[in-house]
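To begin, one chain is listed below as structure tokens, in the form predicted alone.
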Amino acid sequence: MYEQENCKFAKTHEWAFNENGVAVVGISDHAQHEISDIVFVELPKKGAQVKAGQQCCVIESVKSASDIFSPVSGEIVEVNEALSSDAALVNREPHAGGWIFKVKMSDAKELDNLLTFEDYKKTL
């Protein structure tokens, strides 16, 4: 489980957790509540290059579609295949089994540009 307190957050509600230079990425608990009943996650392509702040996948709920942005730059090295058959994992476990993708960071210092959990809470 990726404890909120140990994650960094983008203003667009994505979280990142650094695992030895690979950022595990998901959406915040707040964001999954706002999106509500998630029915589909369009996962990014493994091997794709992403830049911090770039739209890289989409989450669809019963009421809308929401763009998801990469909080860091690098290469997508893994996607959460479990979401293909159970997109609601993002609702049930936004900081555990509901992670969306992993990025091998090209510059881990980009994490310094993200918000701490305490700072993120202040933006809500």
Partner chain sequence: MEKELKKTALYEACVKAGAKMIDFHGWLLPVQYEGIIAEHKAVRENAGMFDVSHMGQVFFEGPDAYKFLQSVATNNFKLEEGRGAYAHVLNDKGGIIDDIIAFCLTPEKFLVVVNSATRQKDYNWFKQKAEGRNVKVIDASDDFSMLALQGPKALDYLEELDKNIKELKRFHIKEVDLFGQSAYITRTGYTGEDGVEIMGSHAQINKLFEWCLAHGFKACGLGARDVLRLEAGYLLSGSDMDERRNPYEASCGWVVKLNKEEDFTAKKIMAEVKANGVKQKLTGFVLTAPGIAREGCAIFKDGKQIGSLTSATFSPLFKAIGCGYVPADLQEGESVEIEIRGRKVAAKAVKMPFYKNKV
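Numbering follows the first chain given and starts at 1. This is a predicted model, so every value here is computed, not measured.
The discussion below concerns the form predicted together with the partner chain, not included here.
Visitor: From the list 96, 77, 82, 65, which entry has a heavy atom within 4.5 Å of the partner chain in the predicted complex?
Guide: Contact check passes for 65.
Visitor: Given that the partner is absent here, does residue 61 sit within 4.5 Å of the partner chain in the predicted complex, heavy atoms only?
Guide: Contact check for residue 61: yes, within 4.5 Å of the partner chain in the predicted complex.
Visitor: Classify residue 36 as contacting or not contacting the partner chain in the predicted complex by the rule of any non-hydrogen atom within 4.5 angstroms, answering yes or no.
Guide: Residue 36: contacts the partner chain in the predicted complex.
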